[in-house]
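Consider the single chain below, provided in structure tokens and representing the form predicted on its own.
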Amino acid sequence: MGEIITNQLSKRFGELKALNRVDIVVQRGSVFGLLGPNGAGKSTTTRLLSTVLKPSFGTAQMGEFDIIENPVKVREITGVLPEEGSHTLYPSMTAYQNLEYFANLYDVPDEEIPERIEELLTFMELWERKDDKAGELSTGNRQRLALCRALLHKPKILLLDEPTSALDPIAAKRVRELILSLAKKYGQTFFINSHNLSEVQRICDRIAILDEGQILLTGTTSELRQKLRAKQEFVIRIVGDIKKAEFVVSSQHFVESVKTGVDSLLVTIENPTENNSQLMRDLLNAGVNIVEFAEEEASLEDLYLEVLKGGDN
């Protein structure tokens, strides 16, 4: 079931089309990643979904609520961590006071506030800093505190803009673990803007690539790889004469390129579904001893760069 559904969502700033007829469906309890270069429209998308901005055209559903018709209801079920999340805190108030203040704004029941604050601060390893003023915390700790604030009222949907950008590797890992556990345990839905391709690849069920306000592709990493690549790379590892293997491979009309290692070849093959078996037969008939013939997995970075390069053509 779609928890976030955009329908031709668009935003103009004068003549600039910041977002142009974007259609996205994010399933309940999933983690969705929106990727794109600076200025692609990622933050604009988040601001529209959180009702900070009104669309110029189109609309979106957050849960069962329309962002135009029911903005107050949308805000009740949504937690937001903007890119500069630490700027949403009050620097002269302590970490605990900040969360207590926002818990009251979110109408968290009074009897639940202390336990919820302690649980979040403890998980983020901030409990020992609860009496420190937010303005005196490090950038990373302020970002973690801002994430606690976004989670206080147990929202159904979390909109996170670069959630680990200011965190050290250990803290970033804890945030990734938190996102995955909340999505699984409570069915919370996460919509993440990120430049961190490896992070998105680790935690997101589906991704979309946005550029110049338009969605170029959407799907899982494996689905995008299938859409993008008629040519794929394969590692062929052998025991024996590597030069003989290189000669056999290079002579095939469907082989685009060959890179030779000590005991392996990295081969780019057109339409591998049709041509791999032929290549294997020719190698075996030539007396080449094959110990591995495997696809070289495309990383999310490969896909991202390939999509953006295609958009420039």
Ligand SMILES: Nc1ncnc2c1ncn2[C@@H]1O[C@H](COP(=O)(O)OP(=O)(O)OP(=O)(O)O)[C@@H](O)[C@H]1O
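Residue numbers run from 1 along the displayed sequence. As the structure is a prediction and not an experimental result, all values here were calculated from the model.
The same protein also exists as the form predicted together with the named molecule; that form is not shown, yet it is the one meant from here on.
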From H195, H87, K173, K154: within 4.5 Å of the named molecule in the predicted complex by heavy atoms is H195
Between N70, T59, S43, N276, only one gets a heavy atom within 4.5 angstroms of the named molecule in the predicted complex; which residue is that? S43
Partner absent here, but in the predicted complex, which of 24 to 32, 44 to 52, 62 to 70, 253 to 261 has residues with a heavy atom within 4.5 Å of the named molecule? 44 to 52
Just to confirm, N38 within 4.5 Å of the named molecule in the predicted complex by heavy atoms? yes
Going by a heavy atom distance of 4.5 Å, is E233 a contact of the named molecule in the predicted complex? no
Please tell me whether any heavy atom belonging to E83 falls inside 4.5 Å of a heavy atom of the named molecule, as the geometry stands in the predicted complex. yes
Can E100 be called a contact residue for the named molecule in the predicted complex at 4.5 Å between heavy atoms? no
Going through 1 to 35, which residues have a heavy atom within 4.5 Å of the named molecule in the predicted complex? Please give them in sequence order. F13, L16, A18
